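The chain below stands alone and is given as structure tokens, in the form predicted alone.
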């Protein structure tokens, strides 16, 4: 059977890189530009203004961020909209299809965490931290826990609901939570992943815990990192 030759207009191929029908190649056509995935990461917990996205990506320039937002909008990954008065600000938000990309971040995160070259001391945004919690949660360790954990991470607040070995996280007010962590995302990451004790971070006034302290300590132990990959040779 002969394949029918399909003519593609040059305009529709303008931003293609790979000229490859593989789904993975097309994914890279859509989101493979530098910073594109990280822009999506910052929007994973809901709409944000341009300045808020940029604050979560300290290494990106305003010009590049504008280009990536425009490219992702053209690809159908995100949309722009205006908030109603009195805010009347323009925000960017992932589409329903854009939100379906979360497993990509989880797979990449698990894989890259095994890299001996991974540097956990680099900047770490609130979006990064929360995605890491959804990625690294050990269902067996979390079994039997039904609790709501609040996070004050800079100007943003989030609530995580642990139940049935799963964790759901939403941005918004801290209502009916059992424990609250307050601190910068890198500090909380140091407590959960870096082995720094809660007591030492509290004494340094870098992290504060309110509510059920025993639950907070148990929560911090639910996210084991995978072992590092063996070096070649």
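Everything numeric in this text was worked out from a predicted model, so none of it was measured. Positions refer to the first chain, counted from 1.
Note that the form predicted together with another copy of the chain isn't included here; everything after this is about it.
S.K.: Can any non-hydrogen atom of residue 95 be found within 4.5 angstroms of another copy of the chain in the model of the complex?
M.R.: Although another copy of the chain is absent here, residue 95 would touch it in the model of the complex, with heavy atoms inside 4.5 Å.
S.K.: May I ask you to state whether residue 28 is within 4.5 Å of another copy of the chain in the model of the complex, using heavy atom distances?
M.R.: Contact with another copy of the chain, yes.
S.K.: If we define contact as a non-hydrogen atom of the residue within 4.5 angstroms of the partner, is residue 208 a contact of another copy of the chain in the model of the complex?
M.R.: It does not: once another copy of the chain is placed as it appears in the model of the complex, residue 208 has no heavy atom within 4.5 Å of it.
S.K.: Is there a non-hydrogen atom of residue 34 within 4.5 angstroms of a non-hydrogen atom of another copy of the chain in the model of the complex?
M.R.: Yes, residue 34 sits close enough to another copy of the chain in the model of the complex that at least one of its heavy atoms falls within 4.5 Å.
S.K.: To verify the annotation, which of these, 140, 163, 112, 83, has a non-hydrogen atom within 4.5 Å of another copy of the chain in the model of the complex?
M.R.: The option sitting close enough to the partner is 112.
S.K.: For another copy of the chain, considered in the model of the complex: do all three of 17, 41 and 107 come within 4.5 Å of it, counting heavy atoms only?
M.R.: Verified in the model of the complex; spot residues all in contact, yes.
S.K.: Would you mind checking 44-60 for residues with a heavy atom within 4.5 Å of another copy of the chain in the model of the complex?
M.R.: If the 4.5 Å heavy-atom criterion is applied to another copy of the chain in the model of the complex, 44-60 yields 56, 58.
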